[in-house]
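Next up, structure tokens for two forms of one chain, structure 1 and then structure 2.
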Structure 1
Amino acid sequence: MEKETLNFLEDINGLFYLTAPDARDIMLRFHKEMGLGLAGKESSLKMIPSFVGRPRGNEKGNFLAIDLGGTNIRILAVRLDGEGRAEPLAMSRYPISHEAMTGTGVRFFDFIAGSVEAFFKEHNIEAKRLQNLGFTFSFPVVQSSIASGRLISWTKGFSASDVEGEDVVELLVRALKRRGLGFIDVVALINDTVGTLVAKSYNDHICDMGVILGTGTNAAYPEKIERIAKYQGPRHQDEMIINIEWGGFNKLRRNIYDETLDASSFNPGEQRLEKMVSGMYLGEIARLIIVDMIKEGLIFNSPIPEIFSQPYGLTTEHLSLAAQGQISHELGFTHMSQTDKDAILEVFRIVSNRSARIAATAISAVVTWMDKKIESNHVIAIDGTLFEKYPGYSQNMETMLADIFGDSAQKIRLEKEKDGSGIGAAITAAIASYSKNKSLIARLPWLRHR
């Protein structure tokens, strides 16, 4: 590799590399934003109360779950054995049509209710045996209880009318009634990070974080009720899970490539951490660097592959496959010199490594918020394709934890929790049902003797 190319890559690595002192500074800023968010003050971290705590592990029964977070809807029937085991009895995916995503809200929720009806028929399930349902709805909502939340705004290409500002649980309940499924009680509304935490902590109470590291990124953790200053509701429990919405954290040092990506995004100035970490953006950051290398004449004497001239043409999947040694023909590697290949792979490594180190830093911030001196063991449940499929990503996170904490990093365990959002919804339905029944018995003592 020529000296000019090596110097360029060294400069890029300097722009992107996150040191342990950098991380500790970010953690302090993260803590400040957490405190402001919990107090209801202006903060880049929303710190949204979920109105649910972690499961005890003895929740028992059969529950229904709807998991809505992308272009497919998952419906599950789940059995909880009361001993920490959650068994999916049945599961189906239903693709959401463009018409349902962008039509009326009535049409959209009728599609969900119709999918529930189809699920019962497909699996020959006696519908009325499954009455309590948990709803994972991974869009920005403001919750007012465990079973109510108003949509702030659609994301991910959804734009169904007359839904923003409305209670999505109420809209779902109405649609279920229109389908003759009014016996289903939607008892819990959660997002995917809360679901991931709940699913893992059902059988491992040490688990105290749920993290999504995929197309997007976010996290949730259990907070002491007394520290949630903005929460004015009943305090029947000691803790409540908080949806951090950490993708919006804006106290990170940005470089010219971050600023270029942000300026051309559909939401400039927002979701700064997400734009440095999540799978939606890593390919584009790498492409912007490669475009600069092309402009400076550092790579490509041969024809330039079209993928590098199209915004978002280079995806994180391309980066991941390249890290596995599976080079997509779209990258033009067959017509490229070995020097150019090595330079491009180094750019991929630099960009993905920063993502992993920022993710580990954000996890470190939350862990030290809960446990300042890392005196206890912590299990972090993580779902998402970056963590699960990107070669070396989880190891880079572990390296960063060791850089920050030294030997104490051994007390922080990163564990995969695949598809936890659906199982977590069912478990949350169990928690909510228990609380609901307990509240009813408290108000109607004669029920104790039935």
Structure 2
Amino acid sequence: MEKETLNFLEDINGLFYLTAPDARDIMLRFHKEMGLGLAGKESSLKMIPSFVGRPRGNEKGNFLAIDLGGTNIRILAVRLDGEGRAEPLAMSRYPISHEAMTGTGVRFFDFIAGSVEAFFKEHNIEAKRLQNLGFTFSFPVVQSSIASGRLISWTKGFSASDVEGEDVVELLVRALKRRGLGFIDVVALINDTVGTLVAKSYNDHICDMGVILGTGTNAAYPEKIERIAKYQGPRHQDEMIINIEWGGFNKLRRNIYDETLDASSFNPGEQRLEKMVSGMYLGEIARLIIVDMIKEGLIFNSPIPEIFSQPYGLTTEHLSLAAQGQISHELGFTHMSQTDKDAILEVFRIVSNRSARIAATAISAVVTWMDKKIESNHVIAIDGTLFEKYPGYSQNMETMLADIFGDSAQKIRLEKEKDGSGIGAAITAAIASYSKNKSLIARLPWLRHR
């Protein structure tokens, strides 16, 4: 590789590399923001009470779930055996069209209800036997109960009109009625991070964090109720899961590429951590660096592939495939010199490694918030394609944990929780319908004797 190219890459590495002292500094800022968020004060971490705690593992029955928040919507029927096993009886996945994401809210919710209807038909399910539904809606929503909440603002490129500020359960219920599915009772509304934590802790009581590393990124953890100063609702249990919305954390060192990406994004100034970490953005950060290398004449004597000239043309999937050696033709690698390829792969490595190291730092912040000296074991349930599919990603996270904590890092286990967000919605529906019945019994004492 030419000396100039090597120098350029070294500079880039300097801009993107996160050291252990950097991480410790970030953790302190994170704790400060967590405290402010829990107190209801100005903070880049929303710290949203979910109105639900971790399950006991004995929740039982068949439940419906909608899981929405990435590129697909998933509808599931889940059986809970009451002994910690949750088994999907049926599941369908439907891609969310650009029109549904960005059109009117009515169209968006009609699409959701239409997907439920298609699911019933596809699996030949006698609809009325499955009535209680858990709704995973993976956006920042301020909840007012376990089954209601208003969308604060869209993230991840969604923009359907007339939804921000509205109760998304009400909008869903209306759309279900329009489809003749009014018999469905939407008993729970949760975030995907809450779902992931709930799904894992259904059979693993050590689990105390749910994390998503996919199109977006975020996490949830159980908090002691008395520490949630802003929470005014009923206090039936000792703990409540908090949806951190860590994608919004804005106390990270940013570089010129982060600023450029943010300035031309649909939500400038928001979701700053998400823009440095999640699958929606890594390809674009890498592309911006490569465009600079092209401008400086460091790579490409041959024609420049299209993918590098279109904003968001380069996706995280391309990065992931290239890292697996499945060099994609679209990257133009077939006509490229070995040194150009190496330079590009190094850019991909730098960008994805920063993502993994920030994710591990944020996890470390939450773990030390719960357990300052890491005296207990912690299982972190993680879902999302970045964690699941990107080669070396989870190892890079583990390296960062070891850099921060040394040997104690072994007490923190990162575990994949596939489809946790949907299954967690079904388990939460079970918790919610159970407490609904309980309050009904309390109000109508004669029911107790039946």
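Small disclaimer: the values here were computed from a predicted structure and weren't measured. For residue numbers, the reference is structure 1: its sequence is counted from 1. Note that the rigid core is defined as the largest set of C-alphas that superpose within 1.5 Å between two forms.
The second of the two structures is the form predicted together with alpha-D-glucopyranose. Figure legend: rigid-body motion between structure 1 and structure 2; of the candidates Val211, Ile344, Ile404, Gly420, the hinge maps to Gly420.
C-alpha superpositions between structure 1 and structure 2 give a turn of 12 degrees for the smaller rigid part relative to the larger. Its Cα shifted by 3.7 Å between structure 1 and structure 2, Ser153 is reported here after superposition on the rigid core. When the rigid core is fitted, Leu181 shows a C-alpha shift of 4.8 Å between structure 1 and structure 2.
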